[in-house]
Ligand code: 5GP
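Shown next as structure tokens: one chain only, the form predicted alone.
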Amino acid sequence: MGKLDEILQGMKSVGLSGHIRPDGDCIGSCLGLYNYIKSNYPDIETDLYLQTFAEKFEFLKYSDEVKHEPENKKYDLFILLDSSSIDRLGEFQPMFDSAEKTVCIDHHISNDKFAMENIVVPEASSACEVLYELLDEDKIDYNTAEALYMGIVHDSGAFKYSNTSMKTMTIAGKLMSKGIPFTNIIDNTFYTKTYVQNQILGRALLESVMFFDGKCVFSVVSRKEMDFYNITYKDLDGIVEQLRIIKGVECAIFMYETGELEYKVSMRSNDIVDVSAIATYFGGGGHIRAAGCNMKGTIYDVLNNISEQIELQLG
């Protein structure tokens, strides 16, 4: 019996959720756990709440059952996945707050242990990796494996980020043994982009700016540009990673406008800069090499404030 099976004992109702603007790992861990409970504990009333997400993730089993609006329900247990702080729950927080028991399953080094029980493994590649180790291997079916593998792929950068460990690869191998289409999962959810997604990626790269003698690169997409291309934040996935792999770059910064003088900032680094420390300084969080935050001000204010913190680390 896995740790999660012990937590579920005696529970009649369970709520699940992840962070706002859910990414691959968030969606994979949430749907992985939802499938696991539905398959092994059909008598438990289980609901999954997430903000809307990209169509490319809708191949996962039960993605059509995800609820996108909060409800006035009180759960015996509410589990939050891939979230470093309670404010990352957004509009679903009241359901978390009212639950009899709360659990957080996460891998962010900046996690502030806000749940009644916190299972946080900062060295793990993903929330999906943490979740896998809490489950009973024999109870993981094809659908659960598919979701967990997809999440690991996204947060490990298809197994090439520095957070990928031997354990990550071992777990991925065990999930592959369930017969999942692992090649298609990587191609269809990590690499494949629509024409308009490639257009905005090209524009972001074309208009990027190098600074600190080529050690850093920055790009921004405005609300006006998003409206012009008829895209949302879901179409901006992967831009910061393309900036990071520019030759000679140590730190990449990408941001998009979320409101008047408000920006969502994503940062990636290669070897030196701890972007988690920078994101945490500005009220966000994440990992040493991948982190983000929300900031207010003009583009120049935001960039100047972030660059000051980068410069402190670069010396």
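Numbering starts at 1 and runs along the sequence shown. Remember, it's a predicted structure, so these values are computed and weren't measured experimentally.
What comes next is about the form predicted together with the named molecule, which is not displayed.
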Of these, 285 to 293, 36 to 44, 242 to 250, 52 to 60, which stretch puts a heavy atom within 4.5 angstroms of the named molecule in the model of the complex?
285 to 293
Any non-hydrogen atom of S84 within 4.5 angstroms of the named molecule in the model of the complex:
yes
Given that the named molecule is not shown alongside this chain, does S269 nevertheless sit within 4.5 Å of it in the model of the complex, heavy atom to heavy atom?
no
Is K215 one of the residues lying within 4.5 Å of the named molecule in the model of the complex, judged by heavy atom distances?
no
Give a yes or no for R88: in the model of the complex, does one of its heavy atoms lie within 4.5 Å of a heavy atom belonging to the named molecule?
yes
Counting only heavy atoms, which residues in 94 to 121 are within 4.5 Å of the named molecule in the model of the complex?
H108
